[in-house]
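Presented below, as structure tokens, is a lone chain in the form predicted alone.
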Amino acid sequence: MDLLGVDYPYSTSALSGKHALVCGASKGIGAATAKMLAKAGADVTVCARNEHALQQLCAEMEALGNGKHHSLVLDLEDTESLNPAVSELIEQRGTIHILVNNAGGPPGGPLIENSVSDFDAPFKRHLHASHILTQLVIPGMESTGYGRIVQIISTSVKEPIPNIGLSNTLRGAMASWAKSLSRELHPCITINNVLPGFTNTERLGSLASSINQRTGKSIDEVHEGWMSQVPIERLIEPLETASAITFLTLPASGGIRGVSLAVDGGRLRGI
């Protein structure tokens, strides 16, 4: 899938005049989403902890020829820093019309082996940070009459995945949080979740390595086991997931609210 080629699915002015904040944008699905939103004409602010990666991403987005793009170095686990940083961003760059909540997942392993303290950091950078950011952007969305909030979480929302119990718990909480908000937010604001399946990212590689160390299975065997569950028989590319996320931010998606959309190649068995 070529972002700059014929496979780009949306008008390059579809999000003109809209300001998007994309969290966890230094790599993987977050970076792909930032590029897709930029290509659709949005002004994109990308945030993560890695300043160099964010600056490089902004340069890549500028090369797409649409919008004005900025970086914001932010640690989502440091929840006390979010209010002043994002408030200043809004003051300097204007209303945030699109919020993409995204952060790195916790380590794998059996849930029963996790201590209570293991939940603290992942819940801070996911659920707590998403709630704080949402509260910060809602007033501007309401005043301009346009808001789109999308969470990048996991198919484990629908079917828990073995040996990532802490992640399963966290993702389920995120989905329930978003669904609850979908009944409360102003009519001009939509909130939805995208559930990536087995995606070609560093995160999946680290999970494969963890399984290799724990079980002795080779990386190839781990991948073969995963692909045997996926009807399209390949990994999802980050830009494919980014396409779904971008659609949920468009004006045309205003009737979609409170859903959890899987981009998983058909792996989930439920209807």
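Not measured: the values here are computed from a predicted model. All residue numbers refer to positions in the sequence shown, first residue = 1.
Here the subject shifts to the form predicted in complex with a small molecule, a form of this protein not shown in this document.
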Are any of the heavy atoms in Arg148 no more than 4.5 Å from a heavy atom of the small molecule in the predicted bound form? no
Does the small molecule come within 4.5 Å of any heavy atom of Gly67 in the predicted bound form? no
Hey, in the predicted bound form, does Glu77 get a heavy atom within 4.5 angstroms of the small molecule? yes
Distance check, Ile29 to the small molecule in the predicted bound form, heavy atom within 4.5 Å: yes
Per-stretch contact check against the small molecule in the predicted bound form, the hit in 101-109, 137-145, 174-182, 84-92 (non-hydrogen atom, 4.5 angstroms): 101-109
Identify which of Thr199, Asn114, Asn163, Thr169 has a heavy atom within 4.5 Å of the small molecule in the predicted bound form; exactly one of them does. Thr199
The small molecule: the contacting residue among Ile153, Leu133, Ile96, Ile189 in the predicted bound form [heavy atom, 4.5 Å]: Ile153
